[in-house]
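A single chain, nothing else alongside it, follows as structure tokens in the form predicted on its own.
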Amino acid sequence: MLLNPLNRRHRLRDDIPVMPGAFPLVGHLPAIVCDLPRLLRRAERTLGSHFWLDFGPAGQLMTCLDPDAFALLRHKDVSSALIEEIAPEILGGTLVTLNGSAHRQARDGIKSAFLPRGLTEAGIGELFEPVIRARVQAWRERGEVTILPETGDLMLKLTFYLMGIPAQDLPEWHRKYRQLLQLMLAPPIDLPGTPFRRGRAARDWIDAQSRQFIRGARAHAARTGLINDMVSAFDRSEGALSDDVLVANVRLLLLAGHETTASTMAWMVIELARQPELWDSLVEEAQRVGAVPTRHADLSQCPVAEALFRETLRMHPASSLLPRRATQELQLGQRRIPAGTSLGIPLLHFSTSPLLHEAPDQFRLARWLQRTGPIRPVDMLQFGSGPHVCIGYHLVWLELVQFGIALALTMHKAGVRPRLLSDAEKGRRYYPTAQPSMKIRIGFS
């Protein structure tokens, strides 16, 4: 019943077929959330490479499985403003929704803080290392964990530390963040006690706290840390930018730094648990390195951990689809796409496409360990491409390599390894972010 059996009529919109099976109000969301890969395969088999999917409140998105669709991320006539229309309360004003000169100006104002040099100078690796080690040590002592809630809590703590939030304030920030997430799916009913009202209040509270961080960074310019570096770079940038831009992107740091990275971290542990040879390779590397890396310059010593992070993200993309809008008429594959068309770029499909990857259904570290050329845009498509490539790419790279090495060192020292205690494929979710089930358990024995 993921598709509506009463909706079988085949229709065209702009000469492009509309996928049957949509429900009133929610469209194809049940199938998109629970089994997007099968839905895409069915649509391709019955409708071809271009078709409309109904995302319920987000509207219909023209989805294209032709490899040309990947180039839309770099196309000058494609806008990301649709993201703000879909989630205005939570993503409005952030880098992911801005375009053109407004995007370049805002990005240039903060990007130096997220480059390897900026992260190293801010001591981010040294900040994260003891937090990660303490968490995996706690897992070893407990012997069994529900992995996604654990990695989610770890990533939230790392992000809070990144923002310089004092330890005594963490419980309140946890509570406000959970309320903020309600804005992603809450109906826009602004009444007392509704998730929408609580989410808005949490967003306003977080934004107010961020303004205090910004004022503190300006008052103590000699301090180090990512927020201080963001503010410093922002204030040195050309052009007059409102602090609202900086506040919105501090909020984006909180959002982007948590759920998607936590999902990838959880899948890394799942793959290590169900493929013993991967675990053995990671342990061998961790023992050779001997310590958790803290600088980007050290990451080259950990090719297995890096390959594990990259292959996990390819096989289990944390974002299944990116929305965009055509601002001019486009040629996409064999179709003309009218200006104003809402587009869905299926990252999930391209991550495992045989046109882009050899043996795409196989989890292979060798495709990264044996490569001779640089990382291509298609190899990091989960971070986007073109002007909107994820500004946190180097931060995530550091976090996940640190996590892999810390996990291997801690568990191997105790003579244990991760073991999968439940079905990793059951209960997966693909939208609005993709992640494993919240119930998957991992044992360490």
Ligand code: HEM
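Being a predicted model, the structure only gives us computed values, none of them experimental. Residues carry their position along the shown sequence, with the first being 1.
Separately, the form predicted together with this ligand exists; it is not shown, and the next lines address it.
Asks: Exactly one residue in F160, W279, F234, F114 has a non-hydrogen atom within 4.5 Å of this ligand in the model of the complex; which is it?
Replies: Looking at F160, W279, F234, F114 one by one, just F114 meets the 4.5 Å heavy-atom criterion.
Asks: Please identify the residue among H357, R133, R107, R74 with any heavy atom within 4.5 Å of this ligand in the model of the complex.
Replies: Looking at the other structure, the residue within range turns out to be R107.
Asks: So in the model of the complex, are E150, L154 and I206 all sitting within 4.5 Å of this ligand, heavy atoms only?
Replies: Spot residues vs this ligand: no contact at all.
Asks: Would H50 sit within 4.5 Å of this ligand in the model of the complex, counting heavy atoms only?
Replies: Looking in the model of the complex, residue contacts with this ligand do not include H50, since no heavy atom lies within 4.5 Å.
Asks: Taking this ligand as it sits in the model of the complex, is T410 in contact with it (heavy atom to heavy atom, 4.5 Å or less)?
Replies: Taking the distances in the model of the complex, the answer for T410 is no, it never comes within 4.5 Å of this ligand.
Asks: Examine I391 and determine whether its closest non-hydrogen atom to this ligand in the model of the complex is within 4.5 angstroms.
Replies: Close contact exists here: in the model of the complex, I391 approaches this ligand to within 4.5 Å, heavy atoms only.
Asks: Hey, in the model of the complex, is P387 touching this ligand, heavy atoms inside 4.5 Å?
Replies: It does: once this ligand is placed as it appears in the model of the complex, P387 has a heavy atom within 4.5 Å of it.
Asks: Please pick out the stretch from 193-201, 292-300, 319-327, 165-173 that is in contact with this ligand in the model of the complex, where contact means heavy atoms within 4.5 Å.
Replies: Going through the listed ranges, the match is 319-327.
Asks: Taking only heavy atoms into account, state which residues of 80-112 are within 4.5 Å of this ligand in the model of the complex, ordered by sequence.
Replies: Stretch hits, in order: I83, L95, V96, H103, R107.
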